[in-house]
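One chain follows as structure tokens, the form predicted on its own.
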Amino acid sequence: MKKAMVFSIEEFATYDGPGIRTTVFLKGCPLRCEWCHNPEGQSTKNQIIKSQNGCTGCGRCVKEARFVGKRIEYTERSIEVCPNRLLRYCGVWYTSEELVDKIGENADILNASGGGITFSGGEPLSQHEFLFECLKRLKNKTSRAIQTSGYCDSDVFKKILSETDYVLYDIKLVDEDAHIRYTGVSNKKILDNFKILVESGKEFVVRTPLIPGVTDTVENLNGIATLLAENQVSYIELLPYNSFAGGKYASVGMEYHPSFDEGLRPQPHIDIFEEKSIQVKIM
């Protein structure tokens, strides 16, 4: 039985697929998107995070921490010496059986709303063996969804799809060089797996985050619209940039220095999609 680390379980979520859902956030992600709003989900390690609210700046936790370059790694001792108890571990190990037993408790309520369970992250496909076990255990119990970048080998993606009912698929940038620059990886696997998703007949929705000056450009959105039209996809969800994303980085000892201008207002350019008969929803 596989084990994986979960950094959050959000109950009664309404933005992670149809109906009311329980969303499970798995740790670990191969991408390093400049705008990542879950930095605690990037590493597979059980990190110690620090709440910034209530910190008096006494420095006791820092004295007991380790430094990896400019990054602070808090220690068990850091937790112990904090007078305001602001540090905690961000991650819980689960076997697939333990997790499914826990998240399946509200299955009847979720099913009544047309909802179910969504696995997110991080990137859930980075722990694909564990994910596969969970999906199999949930079969015929509730709707099973994944929220993914699609970054994995095609055989892994096909295997996960075989036990998935619904997919929320992120397409950020169509230009490979831009994708490498802003996410740290090529988008070749992502675009190849998108074709597999389209051909699978599974129900899915494409989502694109609107990052000012990066993904919201006319060139990029036109490329995404063209990709969707070529694959007879007639609906997309656009996600406005989360301007509060940077506030979470300090809690895991990281610095947030995006190269794009956070002060710019993201442009959805809805007309680009409408010209290709693609319905747009801004989340």
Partner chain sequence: MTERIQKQLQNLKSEEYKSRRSDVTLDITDDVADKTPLMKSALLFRANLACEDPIILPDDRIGFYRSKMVGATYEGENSINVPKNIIPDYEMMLTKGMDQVRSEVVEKANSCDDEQKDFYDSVCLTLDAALEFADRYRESAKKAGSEELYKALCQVPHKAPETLLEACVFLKFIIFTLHCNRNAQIPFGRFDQYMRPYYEHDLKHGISREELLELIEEFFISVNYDGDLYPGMQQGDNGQSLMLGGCDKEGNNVFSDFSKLCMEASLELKLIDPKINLRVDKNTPIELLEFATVMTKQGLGFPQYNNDDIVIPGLVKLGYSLEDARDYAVAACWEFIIPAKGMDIPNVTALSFPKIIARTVESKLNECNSFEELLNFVEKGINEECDKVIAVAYSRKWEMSPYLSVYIRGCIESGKDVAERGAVYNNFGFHGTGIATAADSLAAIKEVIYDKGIYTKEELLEALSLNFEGYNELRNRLLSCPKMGNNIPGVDGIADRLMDAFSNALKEKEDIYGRRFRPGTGSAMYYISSAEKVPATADGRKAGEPFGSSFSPSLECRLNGPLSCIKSFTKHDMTEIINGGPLTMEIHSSTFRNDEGIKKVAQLVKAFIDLGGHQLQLNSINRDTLLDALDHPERHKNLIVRVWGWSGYFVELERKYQEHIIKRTEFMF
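Residue numbers count along the first chain shown, from 1. This is a predicted model, so every value here is computed, not measured.
Absent from the display: the form predicted in complex with the partner chain. The rest refers to it.
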| property | result |
| --- | --- |
| is_contact(G59, the partner chain) in the predicted complex, heavy atom dist at most 4.5 Å | no |
| P30, heavy atom within 4.5 angstroms of the partner chain in the predicted complex | no |
| The partner chain contact at E10 in the predicted complex, heavy atom, 4.5 Å | yes |
| In the predicted complex, L239 touching the partner chain (heavy atom, 4.5 Å) | yes |
| Partner-proximal stretch of 122-130, 173-181, 189-197, 83-91 relative to the partner chain in the predicted complex, 4.5 angstroms, heavy atom | 83-91 |
| Three-residue site G41, G150 and G223 fully in contact with the partner chain in the predicted complex at 4.5 Å by heavy atom | no |
| V206, I211, L99, A145 - the one with a heavy atom within 4.5 Å of the partner chain in the predicted complex | I211 |
| The partner chain: the contacting residue among I79, V185, I72, L161 in the predicted complex [heavy atom, 4.5 Å] | I79 |
| In the predicted complex, residues of 7-40 near the partner chain [heavy atom within 4.5 Å] | I9, E10, E11, F12, A13, T14, Y15, D16, G17, P18, G19, I20, T22, W35, H37, N38 |
